[in-house]
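Next up: a single chain in structure tokens, the form predicted alone.
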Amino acid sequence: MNTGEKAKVAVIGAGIVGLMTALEVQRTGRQVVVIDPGEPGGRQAASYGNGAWIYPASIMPISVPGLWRKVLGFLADKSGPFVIRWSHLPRLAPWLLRFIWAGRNWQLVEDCAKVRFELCRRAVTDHQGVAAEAGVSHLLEHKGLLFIYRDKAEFLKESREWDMRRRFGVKINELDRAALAKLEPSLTERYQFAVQVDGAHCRDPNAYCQAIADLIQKRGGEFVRAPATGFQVSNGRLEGVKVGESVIACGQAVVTAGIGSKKLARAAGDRVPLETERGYHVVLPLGGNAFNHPVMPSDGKMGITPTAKGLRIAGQVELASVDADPDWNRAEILRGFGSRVLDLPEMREKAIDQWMGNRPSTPDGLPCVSAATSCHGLFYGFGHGHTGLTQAPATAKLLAALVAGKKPETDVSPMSVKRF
């Protein structure tokens, strides 16, 4: 391997985390090659179909004390915000047990929240900077995010989580029905209380990813449209990434391949409990009605977001195998619930898009951001679950520091692959 190949860094995965990572690695003066079989942020990627939220206060893991009591309900209720397919339960059981165990007490939850806070807190300003560099500032709107409740009593049931956010410095603006109706008159009277927090949303995640990819190419980055299948290693040191029958020579590589990262990590000798929290979205034509703020109903747990292509209703969780056929009833459930939230004629129109994707999730609510255990020059940046868009800029900076052999700004030891 010549000197130029040794200096090259391969980034495997062209979703938002991979693209941000490639951009940050470029800033350190290194040559990058991004490897992915699909287009940057294309329909194959979780980055395409997410809720489009950039949410600095997204510090809470899903697993919290008492969640285990609800598992039977998740199995029985096919229309709820968290469902598990019965037939896939035996294979998912080890991950599910670790998931429940990770949230067994509030001290563990707070420890996790501290790490997540560092990944989230600068998300809006970091994204604004990248969007400006890429010439697509218009794709980000910084108007805040709304969490809506049927009444204040329902909000108070989540007071422990909100109090934890306040302790981290998150500012929360409480809104009664009158203030909520003034802010978003299209909301139905089902919701009488809300909290507004800082945050932004992306009007077109696919276009945003493509713009970042264009920026990387303008700065000399390469893109290879093919699946990475493994690594070429000599004496414990990375020498290249296998792509089909060929090898892309490189001195370092970063695995940011979403749910596909599990197989690649195993090929490098690391077993990671990574499973897919399958998410769905449905898009309805927005028309001329004013709807400005992304909202999340407490009883639906989905994000309803105005985007350039229409009103996107996205989220909830379906636990099933990565290769299981989509259950498009999940998209209809999202659509039906949306009509309870918004009093808009568009809610009765035919959907113009529906999507299902695989959100890569670890059981403890933290991504893997670390060096591989037994392959020098290989790094991991995957497992962001619901918050890949929010956590991508901070993750990218941490990975760029690791690749450059520098100490990251944030302690990455809680996110090490060795914890598993």
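The shown structure was predicted, so the numbers you read here are calculated from the model rather than taken from an experiment. Just count from 1 along the sequence shown to find any residue number.
One more form of this protein exists, namely the form predicted together with a small molecule; it is left out here, but the text below deals with it.
- In the predicted complex, no residue of the candidate spot (30, 369 and 408) has a heavy atom lying within 4.5 Å of the small molecule.
- Using a 4.5 angstroms threshold between heavy atoms, residue 385 counts as touching the small molecule in the predicted complex.
- Within 4.5 Å of some heavy atom of the small molecule in the predicted complex lies at least one heavy atom of residue 226.
- Residue contact with the small molecule in the predicted complex: residue 373 places no heavy atom within 4.5 Å of it.
- With a 4.5 Å cutoff on heavy atoms, residue 300 does not count as touching the small molecule in the predicted complex; it lies far away.
- Just one listed stretch, out of 276 to 284, 158 to 166, 176 to 184, 244 to 252, contacts the small molecule in the predicted complex at the 4.5 Å heavy atom level, and that stretch is 276 to 284.
- The listed set 59, 52, 378, 394 contains one residue whose heavy atoms approach the small molecule in the predicted complex to within 4.5 Å, identified as 52.
- Checking 264, 238, 148, 216 for any heavy atom within 4.5 Å of the small molecule in the predicted complex turns up a single hit: 264.
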